[in-house]
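Below sits a lone chain in structure tokens, taken as the form predicted alone.
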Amino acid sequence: MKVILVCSTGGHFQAMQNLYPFWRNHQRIWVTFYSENTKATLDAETVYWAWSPTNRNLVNLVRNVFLAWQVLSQETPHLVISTGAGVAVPFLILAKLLGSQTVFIESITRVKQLSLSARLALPFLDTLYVHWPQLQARYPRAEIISS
């Protein structure tokens, strides 16, 4: 199965790294931001570098929409999975419109309300995972994922 892993740097990148037991056995492509850590960690991986920052930056939002279109059209993944944040939104929306399965794993720091990224992508998600029962109660479509 071909999988695209989309995440920003920092905690979102670490959360995606923690999913190694899942993605290690799949053909995978990464989409994240360039940093010394991501460059070194993903040295042997296929990576597309997204535009940062994404929050409240219209130019980078447009750039990431075009990047998402380019990557998704070229790579035709079976699954797009994201641990957040803003860079995930154009990839998840376009992936769903192009026929891929989509998964968003909400940050463990979100206890009572979904992140803006999750709320924007929600109508285009096949699966939404959350860490807290209070959040699942508010969003019944969500599934609990153990930490």
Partner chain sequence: MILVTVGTEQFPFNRLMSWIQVMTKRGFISEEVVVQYGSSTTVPTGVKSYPLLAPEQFQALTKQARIIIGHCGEGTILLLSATAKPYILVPRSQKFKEHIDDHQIELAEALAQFNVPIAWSPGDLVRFLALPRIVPVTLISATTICARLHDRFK
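All of these numbers come straight from a predicted model, not from anything done at the bench. Positions refer to the first chain, counted from 1.
The same protein has a further form, the form predicted in complex with its partner chain, not shown here; the description that follows concerns it.
- Think of it this way: in the predicted complex, its partner chain has a heavy atom of just one of 31, 89, 81, 68 within 4.5 Å, and the residue is 81.
- Taking the partner from the other structure, its partner chain in the predicted complex has no heavy atom within 4.5 Å of any heavy atom of residue 39.
- Contact annotation: residue 125 falls outside 4.5 Å of its partner chain in the predicted complex, judged by heavy atom distances.
- Contact check for residue 136: no non-hydrogen atom falls within 4.5 Å of its partner chain in the predicted complex.
- Proximity of residue 118 to its partner chain in the predicted complex falls outside the 4.5 Å heavy atom cutoff.
- With contact defined as any non-hydrogen atom lying within 4.5 angstroms of its partner chain in the predicted complex, the contacting residues in 12 to 37 are 12, 14, 15, 18, 19, 21, 22, 26, 37, given in sequence order.
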